[in-house]
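So this one's two forms of a single chain, laid out as structure tokens and tagged structure 1 and structure 2.
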Structure 1
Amino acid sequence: MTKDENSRDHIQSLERGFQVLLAFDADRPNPSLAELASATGLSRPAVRRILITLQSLGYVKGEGGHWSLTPRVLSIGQHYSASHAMIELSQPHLMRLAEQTSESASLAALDGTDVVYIGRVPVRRIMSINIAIGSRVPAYATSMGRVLLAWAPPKHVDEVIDAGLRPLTRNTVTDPDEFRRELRTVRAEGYSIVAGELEEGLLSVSAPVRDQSGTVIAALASSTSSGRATVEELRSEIAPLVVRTADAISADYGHRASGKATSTVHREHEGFF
């Protein structure tokens, strides 16, 4: 077959393995072999081989004709965290920010058009969203996404816009021009505030975290709900604290602040994460 996207240098069995692994879901927690086969579109023997391999690696477990993921799947992420020193290093800062504000503090990185939580100290359950490390949220509708995009190569911004700015609440910015203007504002002010664009009543402030070279590699956020604070309060009280904390993390990570927040707008390479 010459129809494949990558054709050469693409290992079919590896991709299929992930297909099966990712087929486990909230809707499909204990699938049978046949169920997985139809969900992935693979033949039953193929799925069986994959499951047996995954089982021998300890990632899945078969029992009474039904399969489930083991906690070892969670440990895979440890390799990401461990290989990015910034994450561990930011933990005390997150904790302090959460204490000072009595609100949840989060750290996130950009992955495609999504924002992925890479660190978090929960304080209260925020609205209906269940946020945990590894959770994904559309970048365009969150303060962390805005920060990351504001300093990202233009290519990324185009990607996000091309993917579509769908209204998630009636406040969501969906106009490309307005969105780009918003990013420019964020870059000028050094932080982002988003109010109820991802979910009604959800407020958050976010500021950039930089590596040694000044590249923005993550975003720090403090989140609250409209019942507990107003946008103005966030701007005057919380935003400076978030910016200061983000700068502290950057400094810990090796970034020498050069004046204010104007080091490098963006680097040629796409950032560390």
Structure 2
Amino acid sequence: MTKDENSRDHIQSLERGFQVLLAFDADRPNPSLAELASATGLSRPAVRRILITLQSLGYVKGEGGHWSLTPRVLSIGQHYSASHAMIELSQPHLMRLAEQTSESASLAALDGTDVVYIGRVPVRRIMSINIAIGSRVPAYATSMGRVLLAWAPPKHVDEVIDAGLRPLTRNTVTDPDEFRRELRTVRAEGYSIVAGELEEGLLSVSAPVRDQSGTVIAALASSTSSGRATVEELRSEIAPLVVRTADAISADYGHRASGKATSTVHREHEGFF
């Protein structure tokens, strides 16, 4: 499809509607019209029309000059979950992993330069932000992101690097060459361990989840804190559990591992990093 065709098919009003919906967050749970206009860059009259439309559809409500989302918004995520069998199939595995490790277990997918949580069994809060289904974190600084990028097309890796490897802590890998080496290591070992790169003291280990064709479509993670475990303990004790659990989810999703299939997956983007 050409750029002109894309422009003709692009519905700007729909895009603006999503801009307004996404402007509601933890920092703005009950914004005013003016705050939404400022957050989205849209004019106040445009935001007002969008809010009235969303209100008529039952997705927002207004009171005292402020607006809030309604529970109906959750149905959008429920439709996503219902249409993705992997999320339902993975839940028992997430629960089992959380029980085995006494730590939170998560499933995430790649969306642009972020990873988005699509499944989670929380055990304790170990991050400064409250992680829930739909939460987004930078892919480059997380074990789940490293797993997903290790098997992603080279162009996607380039986009993440071009967007900037911003130092989130003193441990964050910010050098593009070092980052590519990290991805090669992930592919070689079959899992990723990241220590204190997203937040100080946060440790996580992740492994890939594959579909029927062997394509990596999600990452499974177990997360803890440096006060509860060391990197060496994660590598020797938790990583094998995470890899086996990820393989079990993949098998339920239709993936049948074989020497030939695994070799093909590992060679898919060989030489690009």
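What we label the rigid core is the largest C-alpha set whose atoms superpose within 1.5 Å from one form to the other. Structure 1 provides the reference sequence; residues are numbered from 1 along it. Fair warning: this is a prediction, and the values are worked out from it, not measured in the lab.
(request) Determine, for this pair of isolated chain forms, which one is the form predicted on its own. (result) Of the two, structure 2 is the form predicted on its own.
(request) Establish whether a shift of 2 Å or more occurs at the C-alpha of residue 231 between structure 1 and structure 2, with the two forms superposed on the rigid core. (result) It does not, since the residue 231 C-alpha is displaced less than 2 Å between structure 1 and structure 2 after the core fit.
(message) Once the core is superposed between structure 1 and structure 2, does residue 217 show a C-alpha displacement of at least 2 Å?
(response) No, its C-alpha moves less than 2 Å.
(request) Examine residue 240 after superposing the rigid core and state whether its CA is displaced by 2 Å or more between structure 1 and structure 2. (result) No; residue 240 is a residue whose C-alpha shifts by less than 2 Å between structure 1 and structure 2 when the cores are overlaid.
(message) Can you give me the Cα shift for residue 39 between structure 1 and structure 2? Core-superposed, in angstrom, one decimal please.
(response) So the C-alpha of residue 39 has moved 4.6 Å between structure 1 and structure 2.
(message) Looking at residue 27, what is the CA displacement between structure 1 and structure 2 after core superposition, in angstrom?
(response) The shift comes out to 3.8 Å.
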